[in-house]
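So this first bit is one chain, no partners, the form predicted alone, shown in structure tokens.
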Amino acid sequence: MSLLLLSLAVIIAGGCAALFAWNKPGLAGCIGAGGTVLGCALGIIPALAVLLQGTTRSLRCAWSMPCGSFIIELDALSAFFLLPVFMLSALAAVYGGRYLLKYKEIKRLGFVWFCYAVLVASMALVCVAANAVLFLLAWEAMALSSFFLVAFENEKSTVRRASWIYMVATHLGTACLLPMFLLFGSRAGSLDFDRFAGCLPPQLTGICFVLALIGFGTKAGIIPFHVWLPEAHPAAPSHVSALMSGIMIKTGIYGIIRTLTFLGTPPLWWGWLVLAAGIVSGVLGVVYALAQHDLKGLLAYHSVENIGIIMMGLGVGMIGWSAGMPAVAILGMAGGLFHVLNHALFKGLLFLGAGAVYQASHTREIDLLGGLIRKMPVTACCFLIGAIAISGLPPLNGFISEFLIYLASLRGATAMDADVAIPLFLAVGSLALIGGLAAACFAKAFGIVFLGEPRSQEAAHAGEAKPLMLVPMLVLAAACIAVGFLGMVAVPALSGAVSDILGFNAAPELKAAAGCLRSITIVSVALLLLIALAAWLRRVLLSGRRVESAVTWDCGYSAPTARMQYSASSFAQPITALFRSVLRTSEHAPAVQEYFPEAGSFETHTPDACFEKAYRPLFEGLRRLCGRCVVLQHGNIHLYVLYIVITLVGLLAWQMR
């Protein structure tokens, strides 16, 4: 544990040193990024050791806080979540060191790097905290540091709005965690996690589970608690967006899983609830992503979608756990857990790619981009790899985790009773639908952004990202490929974490699943070799011939322009039209006043139904209520003293009754 504590100390020390170098942006970036990279490298060592060895390490110290001790514990489950924390944090820090330099004249970057260091350290501490007070302290540090990072460009009204929505949402989630931990603590007599297991009577376990699902689900971004996510992720700097989407929202998944280890074998309705939340989040997340015009907004809704896939895996695993089907429980949990890692890799890659596009073109509007594959070939290649991976296509890493969920669902659906089989069949159909819609969405994103002709002067004059921004993208792209091809090795490594959750040995079942993946990998390699062979034969056959190129058919126009290309909206319209009752997209097009108009416009806007129909009316009502309460605030100190006296008298009367 000493090495893990040292890694956290190095990260925080780097952030503090960067804070003192506030008037030297370049130095602050070097110190902040360097401290984060060094600390993360140190932290990966004990995490890998515990995950591969299946051991548990802990540290307990006395402290002045009530109800327990300062305890940190590193088991296989914590170690698994620490791997993406340290890996992506280090790569995003390298990227951010170059990305933030364009703000060096207008921002104090020392404070930004301090907040970044606190965010990384607090996320790691959340994963190893074994006391509720320590957990909540790390949870709040994570929320506050990410709030300041989201509000980085606070001179923009949209950024201020996004940061405050995020702050309100995260504390509403915490408001559900406090009573949950109080219920555990009151029954266990301590707030130490090792006292929680089995301490609750059956009538309270369901209440605690629902509180955990809402509280942690708000951080994870499951629908309908996701409204902060599409606002905050586009507003933050791109390396912070990668960190929040790739890692921070997974702390909510970690919290749900850790709570399950306290509660024991779940009743069947818990699995139904988690699976339903996953299906709704997955399907609606990808549908809303299809309707987005902002590149980072599109990626933000895909975070909701992938959290839905993770929840589907957990839900399938819980159903198998409840129904006494160990194979279904193991494969479902393993699929959900493995997707945590895979999503960190490809979503981090996609957000970093989107940041490179934004810096090169100064816009995130998809319809103002185009033709960037010629200007930014490395970024385009990396983004394409991330797009294939997030679509769940073989042989990349996103396919591996979704394959495990498919396998668990099909095995359970064909071997269980109808009350269990029907939800699992729904999981199979929903996962297939999500995969198809995700592929369509990223065909739109990659095609409109990187292919065709530039749709604006900014896109026409874009250039490739700097090397310090390209290296993290190349590493993540290589990781997506490597994990995809080495799935038969990576999946058995999950046995320790899955066994910690379920309480029984998961290794044999995961080794059997690895055998299936080995066959799929061999077929994938064979197909790739055939494609390479066909390309080589084509080159050989054409080597002695004259080869010419020409533009594609331009519909009879002698001088086609970029305006004749598909837009993002027109590409996705056939699909979004199928979901018009859910999306409720508004269209704005001025009426044509003459036979040959010189100009025309068409605009669509897709509001988030949860925010518009539920949260906005709720907060408007609260605002009006608070406005009426302003009559109590006169600025008269004597009146305020009277309020205090009345409150004290009321409390004394209540205590003496």
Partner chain sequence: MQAAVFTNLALGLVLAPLLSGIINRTKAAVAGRKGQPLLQAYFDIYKNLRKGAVYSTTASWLFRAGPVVGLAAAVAALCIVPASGSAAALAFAGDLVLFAYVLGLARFFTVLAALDTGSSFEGMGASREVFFAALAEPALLAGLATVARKTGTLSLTEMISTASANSPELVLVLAALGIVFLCENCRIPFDDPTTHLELTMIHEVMVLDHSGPDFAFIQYGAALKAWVLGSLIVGILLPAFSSSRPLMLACFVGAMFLLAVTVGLIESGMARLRLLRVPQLLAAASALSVFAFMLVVR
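Given the structure is predicted, the values throughout are model-derived calculations rather than measurements. Numbering follows the first chain given and starts at 1.
What comes next is about the form predicted in complex with its partner chain, which does not appear here.
Undergrad: Quick one: Leu52, Leu136 and Phe184 and its partner chain in the predicted bound form, is every residue within 4.5 Å by at least one heavy atom?
TA: No, none of the three is in contact.
Undergrad: Which of these stretches, 437 to 445, 235 to 243, 117 to 125, 201 to 209, has heavy atoms within 4.5 Å of its partner chain in the predicted bound form?
TA: Of the options, only 437 to 445 has residues within 4.5 Å of the partner.
Undergrad: Please identify the residue among Tyr103, Trp269, Phe425, Phe504 with any heavy atom within 4.5 Å of its partner chain in the predicted bound form.
TA: Only one listed residue qualifies here, and that residue is Phe425.
Undergrad: Looking at Ala276, Val523, Ala197, Leu468, which is the one with a non-hydrogen atom within 4.5 Å of its partner chain in the predicted bound form?
TA: For this set of options, the contacting one is Val523.
Undergrad: Indicate whether its partner chain has at least one heavy atom within 4.5 Å of a heavy atom of Arg374 in the predicted bound form.
TA: Yes, Arg374 is a contact residue.
Undergrad: Consider Glu402 of the chain shown here, and say whether it contacts its partner chain in the predicted bound form, taking contact as heavy atoms within 4.5 Å.
TA: Yes, Glu402 sits close enough to its partner chain in the predicted bound form that at least one of its heavy atoms falls within 4.5 Å.
Undergrad: Using the partner position in the predicted bound form, report whether Leu431 sits within 4.5 Å of its partner chain, counting heavy atoms only.
TA: Leu431 belongs to the contact set for its partner chain.
Undergrad: Heavy atoms within 4.5 Å of its partner chain in the predicted bound form: does Leu474 have any?
TA: Outside the cut-off, so no.
Undergrad: At a 4.5 angstroms cut-off on non-hydrogen atoms, which residues of 530 to 548 are near its partner chain in the predicted bound form? List them in order.
TA: Leu530, Ile531, Ala534, Ala535, Leu537, Arg538, Leu541, Leu542, Arg545, Arg546, Val547, Glu548 sit within 4.5 Å of the partner.
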